[in-house]
Every structure is written in C-alpha cells, then in structure tokens.
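In the block that follows, a single chain appears as structure tokens, in the form predicted alone.
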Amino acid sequence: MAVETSQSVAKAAGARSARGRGHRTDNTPGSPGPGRLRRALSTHWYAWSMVAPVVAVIGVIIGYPLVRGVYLSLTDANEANVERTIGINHIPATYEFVGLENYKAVLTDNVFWDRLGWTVVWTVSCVALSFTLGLVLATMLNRKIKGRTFYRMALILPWAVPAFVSVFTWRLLFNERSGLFNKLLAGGGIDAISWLNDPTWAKVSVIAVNVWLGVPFMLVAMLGGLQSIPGELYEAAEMDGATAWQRFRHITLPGLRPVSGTVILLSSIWTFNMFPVIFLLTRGGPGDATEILVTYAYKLSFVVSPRDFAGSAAWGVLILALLSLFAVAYRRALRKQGDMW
C-alpha cells in the first residue's frame, strides 16, 4: 500500500513538472504562442468592438482633415491652382510641393507675431476672469441660502443659449446709436462710447462677452469640486480657530486643484480658438485690432482673393502645435505639483 502511494505521488509530481515545463516553453521568446495584440483582442473583444465605431468616426472627421491640412501646408495651393469644376469643364490641380516655405513665410511675418500676442492676452484675460468669477459664484452658491436653486439656474442660463444668439444680443447692446449701454450712459450725462469701433473698447467688449459665456462652465465645475470636499475638514479647522480666509486658502484651494487644473486647460484651448465671439461681434476689427490667430486663418482661406489654402493650413498647423506644446507644459507643471491626471 505504501509502495503504491509513493508511486502515485511520483507520477503526480512528474505530471505537474511536465505541465510546468510546457507552460514555460510557451512563454519563451520565439515560441509560437499568440502575440500581445492578439491576446488583447481575444480577451477584450467586446470593449474593442464598442470603441471601434467611435475611432472610425473620429478618424474620418478629425484624422483626414488634419492629414489633408498638413499636406496642403507643404504646397502652394490657392484658389487659382486647386482642382475645380466650372460648368462642364474639369480643371485639374496644378499646385506644387514647396516644403516648409509656408511656415518660413508665416514665422518671419510680423502679422503672425502681432496676432499671437493679442491671442495670448485675450486667452489669459478671459480664462483668468472666468475662473475667478466662477470660483467666487460657486463659493457663494455652495452655501445654504434662500433661492439657491433659482440662482444656479439663472447663472447657468448663458451656457444653455447658443453662442451665436448670445453674441448677436450683445452686439445689439453695444450698438453705438441705439444700444442699451450708451442709452444708460446718456441718461447719466456721459458721452456715448464706440464699443465696437474703437480698438481699445472693442478688445474690452470681446473679452467681456467671452467671460460672460465662460463663467457658467467654471461655475458648474467649481461647484462640483467644492461639494466633493469633505465638510469635516472645515469643521475641524473652525474648531482650531482658523479664519475664513485660512480655511479657503488651506482647504478649498488645495481641494479644488485637480478640478481647476483640468478646467483651466480646457478653457484655455477653447478660448484660444474661440472663433464665434470675435468673428460675429467685431469680425476682427476695427481694422485688425481684435483679430486672433484662428480668425486670420479663416480670412486667408475664405475672405482674401485669391484664397490662400496653403497659407491658411500652415496657420492651422502652427495653432495646433502651439496648443499641443502648451498642453504638454501645463501637464508637466501639474505633475510637479503632485496632480496626476
């Protein structure tokens, strides 16, 4: 009986070692086992099937125009040499590859740097004011006050109205002759202001409109961040004798850091490319006082004659490069502060 038992144990041990050797052999380099991509597809096939349509749509909507734009920026394509059909006549494209000449022309032109300077001022001003007002309003609405729901709905309303409707409404308010603002000034004995015809006031006007449009987003994001901070922290700090400013500085601001980092990045990208406000309110005027990079790229492609498709594409690629560099630098700065996202 003991002999049979020992033989059974020996056979089982041999079988386990054989299976172990077989398993190790499958994972050795050069073995005919399935690749990493194949294993991922076979394991997570359902997730891949759900993501595939989205990837395909993004590739068509974003990928192709992006590749096409980069290609056009390396040519001399314009309205006169692109492929087109006039009546029954088909005219083939005659534009040529010119390499980086368009980028050289843009970067050596003072127009680009002037537009870039105003675009940076416009972006920083709008984001800073929107964030500050959104944080202040969110802090106020995070308290238990009478009519809090009504105030929240009223402050979110600008976000629900389409941007072009809001801009046209503000354009009527800024009208020099019949606008509400100048009527109020006239009632107080103050001369009318050329809100949209004076370069300085036009810049103030477009910033004010964009801040009005951007505050609701900041308000909702900051309010959500405030409500995620445990109330016990404030109670403990208040018991320790911390003032309201100390609680705000040492509890509220650190608690909002992950949310604020994300919304500042998103708002900066959106504001940098905020075409509707500038184009519908001032069309970049008066002159070119309020023209940002994206509106000038639009003008090259759709306004000037002949339309410069290659130059406009080069401006678009440079805008994408600038925003990408900003996003990378901003993310690294957040990582150094300990915010991982």
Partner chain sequence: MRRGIAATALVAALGLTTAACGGGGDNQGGTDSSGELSGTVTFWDTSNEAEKATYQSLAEGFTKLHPKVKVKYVNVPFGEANAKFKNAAGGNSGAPDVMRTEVAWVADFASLGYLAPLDGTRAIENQGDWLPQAAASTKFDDKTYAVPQVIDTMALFYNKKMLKDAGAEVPTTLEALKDASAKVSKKWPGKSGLYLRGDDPYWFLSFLYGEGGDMVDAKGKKITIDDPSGVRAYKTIKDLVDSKAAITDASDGWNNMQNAFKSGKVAMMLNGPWAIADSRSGAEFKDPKNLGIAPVPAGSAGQGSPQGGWNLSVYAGSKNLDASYEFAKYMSSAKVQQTTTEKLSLLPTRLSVYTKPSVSGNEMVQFFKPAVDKAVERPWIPQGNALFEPIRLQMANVLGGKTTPEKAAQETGDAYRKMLKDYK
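Numbering follows the first chain given and starts at 1. In this text, all values refer to a predicted model and were calculated from it rather than measured experimentally.
This protein has a second form, the form predicted in complex with its partner chain, left out of what is shown; the following refers to that one.
Shown without its partner, this chain lists I190, V124, L253, I91 as candidates; in the model of the complex, only I91 has a non-hydrogen atom within 4.5 angstroms of its partner chain. Proximity to its partner chain in the model of the complex, taken as a non-hydrogen atom within 4.5 angstroms, holds for one residue of A128, L107, A80, A186, which is A80.
Its partner chain in the model of the complex comes within 4.5 Å of a heavy atom belonging to S305.
Interface residue remark: L196 is counted as part of the site for its partner chain in the model of the complex, having a heavy atom within 4.5 Å. When its partner chain is considered in the model of the complex, G241 lies well away from it, no heavy atom lying within 4.5 Å.
In the model of the complex, its partner chain lies farther than 4.5 Å from every heavy atom of G35. Residues N175, E176, R177, L196, N197 are the members of 172 to 203 with a non-hydrogen atom no more than 4.5 angstroms from its partner chain in the model of the complex.
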